[in-house]
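This document opens with one chain alone, in C-alpha cells, the form predicted on its own.
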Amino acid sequence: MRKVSWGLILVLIVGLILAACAAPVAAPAGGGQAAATEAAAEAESAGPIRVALLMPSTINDISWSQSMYVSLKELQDELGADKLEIAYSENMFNVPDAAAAIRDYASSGYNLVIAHGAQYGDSLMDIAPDFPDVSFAWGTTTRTGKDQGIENIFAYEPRGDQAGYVTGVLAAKLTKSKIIGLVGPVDAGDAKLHVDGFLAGVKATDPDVKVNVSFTGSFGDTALAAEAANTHIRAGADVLTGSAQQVVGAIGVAKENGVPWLGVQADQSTAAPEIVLASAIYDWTQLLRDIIAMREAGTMGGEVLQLTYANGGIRTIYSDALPAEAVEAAKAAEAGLADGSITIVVEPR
C-alpha cells in the first residue's frame, strides 16, 4: 500500500507539471497590439483645444478686449475650428461674477482659461489650484503664482511702454502747438507703461514739446474720457492719444474738433479714419500659440510672456495721410526698440 500510494502521488505531480507547461502564457498588461490599438483610438478621439476668454469690456471696444479676441479668432482661422474651440464672456467688469465664470469654464472641460485683465489675478490664485489639469492665463502682469506653489498659471505683459514710445515719437513730429494731450485710465499696469513710454518718445524727439496727462480713474467711462479730451484741446493740444476702452469717448471729441488721434492696443481707425492717423496694435497671436504649445508639451503654467516689437507682438499701422518724415522717425524707433539700440528712460512725473 505504501508503494502504491507513492506511485500515485508521483503520477499526480507529473500531470500537474505537464498541465502547467501546456497552459497559454498571458500577454503583459497594457502591451502588444491591443495597447497600440487603444492608444491610436484615444489619439483619434482627442477633441479640439478648448479656450475660454473673459474680458472686462466687449469684443468691439477697439482697444484691450478687442485686441485679444481678434487674435484668438485669427489663430482659430489658422488652426481650424475643429482644432481650436473658443468660448468668451464680455463685460466681466464685476470681479466676483468673473470669478464664478472662470470656475465654471474650468469645470466644463476647457483646457485654457484666459482672464484678460489685471483685476482677475487674486481670483485666479484661488481657483487655479482646484483645477491642476487646466491652464490659466492673465495680464497685464508678471505674477504666475509660482512662488505660492501654483504651477498652472501663465502671465503676460504687453510692453505698452514700447507702443507708447513709438506713438510719442510720431506725436512730437506732428504737433505744431507743441502741446499734446494724453487721456489715461489709471496710473498703473499697462496704462502706466504706455504713459511712461509716450513721454520718453516725445522727449527723445523734441524736448520742447509739453504733454498734458490726465487720468479718468476708469477703464470704461467714455463720458469722462470725452471730458478729458475737451480739456486737453482747450489747453492747446493739437494731437491726442490715450488707452483702454474709454477712448471711444475721446476719439469722438477728437473727430468733432479735427484733432489727430494716435491709438494703442487695437486698430482704432475704424472709429474715425479721417483723424486716427496711427495705431500701435497688440497682436496676441504668437503669444497664444506659445501658450498652447507649452501646455501641449506639458508646461501647464509658470511662464511670463511679453508682447514687443522684436517678437511681432506689437506693430504699428500708419495712415497714408501722415507726413513721410514722421513715419520714418516712428519706424526708426520701432527698429531701435526691436534691436535694443533704443532704451526707454522713464523719468519721474
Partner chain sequence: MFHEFLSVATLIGIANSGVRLATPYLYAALGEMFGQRSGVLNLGVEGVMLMGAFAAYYTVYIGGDPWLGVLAAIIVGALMGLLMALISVTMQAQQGISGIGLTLFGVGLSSLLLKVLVGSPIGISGFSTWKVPGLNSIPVIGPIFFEHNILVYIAYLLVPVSLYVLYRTTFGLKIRAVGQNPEAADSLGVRVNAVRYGTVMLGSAMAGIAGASLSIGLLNIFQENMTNGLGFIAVALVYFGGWRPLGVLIGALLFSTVNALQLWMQVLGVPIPSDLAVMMPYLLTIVVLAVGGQRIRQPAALTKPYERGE
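Residue numbers count along the first chain shown, from 1. All figures in this text were calculated on a predicted structure; none of them were measured in a lab.
There is another form of the same protein, the form predicted in complex with the partner chain; it is not shown, and what comes next is about it.
Site residues Q66, N91 and V213 are all in contact with the partner chain in the predicted complex, judged by any heavy atom within 4.5 Å.
Per the 4.5 Å heavy atom criterion, the partner chain in the predicted complex is contacted by stretch 252 to 260, the sole one of 275 to 283, 169 to 177, 252 to 260, 200 to 208. Contact with the partner chain in the predicted complex, judged by any heavy atom within 4.5 Å, is made by just one of G217, P132, G109, G149: G217. Distance criterion of 4.5 Å from any heavy atom to the partner chain in the predicted complex singles out N60 from the list T299, S319, N311, N60. At a distance threshold of 4.5 angstroms between non-hydrogen atoms, L84 is out of contact with the partner chain in the predicted complex. The partner chain is not shown here, but in the predicted complex it comes within 4.5 Å of a heavy atom of A228. In the predicted complex, no heavy atom of L72 sits within 4.5 Å of the partner chain.
Though the partner is left out of this view, L79 does not reach within 4.5 Å of the partner chain in the predicted complex, counting heavy atoms only.
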